[in-house]
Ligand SMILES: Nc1ncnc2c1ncn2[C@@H]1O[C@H](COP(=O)(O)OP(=O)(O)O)[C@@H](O)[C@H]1O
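Single chain ahead, written as structure tokens, the form predicted alone.
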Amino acid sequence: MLDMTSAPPALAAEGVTHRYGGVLALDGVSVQIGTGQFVSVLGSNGAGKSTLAMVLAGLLAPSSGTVRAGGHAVASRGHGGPIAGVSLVPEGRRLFGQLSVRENLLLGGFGAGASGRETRRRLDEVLASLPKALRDDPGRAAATLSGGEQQMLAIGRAIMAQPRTLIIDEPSMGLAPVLINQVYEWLSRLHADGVTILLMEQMATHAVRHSDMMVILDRGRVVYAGSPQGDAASAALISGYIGEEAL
């Protein structure tokens, strides 16, 4: 079993700032995502969650500061690139709607550079973990799926790459409560299998229930990082920018 007390953080941001032109999206963010943790980054729309997800996945180079993976610097000002072992499920899922369930999954494997044989083996495993409607009809076009099915497919595509760390941006967006439950149950199983989970969420209820660490962003700054339980966490959640979902 991995000794998480001595393992370097799976991901870390050190003084990360990012600007879109004159707009400051992240302002000196420093946060560590421990290996094997289930971490939720919470905040209202525009707090900087999606930008942080992109930076920590290596898909957006920070304007300043450093990103580390496994203790090694992987991105700094003006420099970056996809980080090995990290998969991102972006906000809005960004599936290829005209492609089938099977084809979207295959893209996840081939995009990670896996061999054809390995990708086909992973396809069978991932399909088996998807809801019955997707397992039974993998030739169905992604555009015809429900919102919950699309979210499951987007997660499946990401884990085709066998990530050590999975980043998911707004997994609850647009989903009914029963579907949110299904998504979080699957994420909990992945976490139990040893995958580090990092969520970016506006809705706090499910995220807090499943997480062992909570980070709250407000206008690009970290205003809380620690346990999701206790008086300090409750005060942070009720401080006005998460909203009713935190109550």
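Counting begins at 1, following the sequence as shown. Just so it is clear, the model here is predicted, and its values are computed rather than measured.
Another form exists, predicted together with the ligand; not displayed. Remarks below refer to it.
Checked against the ligand in the predicted bound form, the residues Glu91, Glu118, Glu103, Glu125 give one hit for a heavy atom within 4.5 Å, which is Glu91. The closest heavy atom approach of Val23 to the ligand in the predicted bound form falls within 4.5 Å.
Residue contact with the ligand in the predicted bound form: Gly46 places a heavy atom within 4.5 Å of it. By the criterion of a heavy atom within 4.5 Å, Ser50 is counted among the residues contacting the ligand in the predicted bound form. The partner is not drawn, yet in the predicted bound form one stretch among 182-190, 37-45, 64-72, 206-214 has residues with heavy atoms inside 4.5 Å of the ligand: 37-45.
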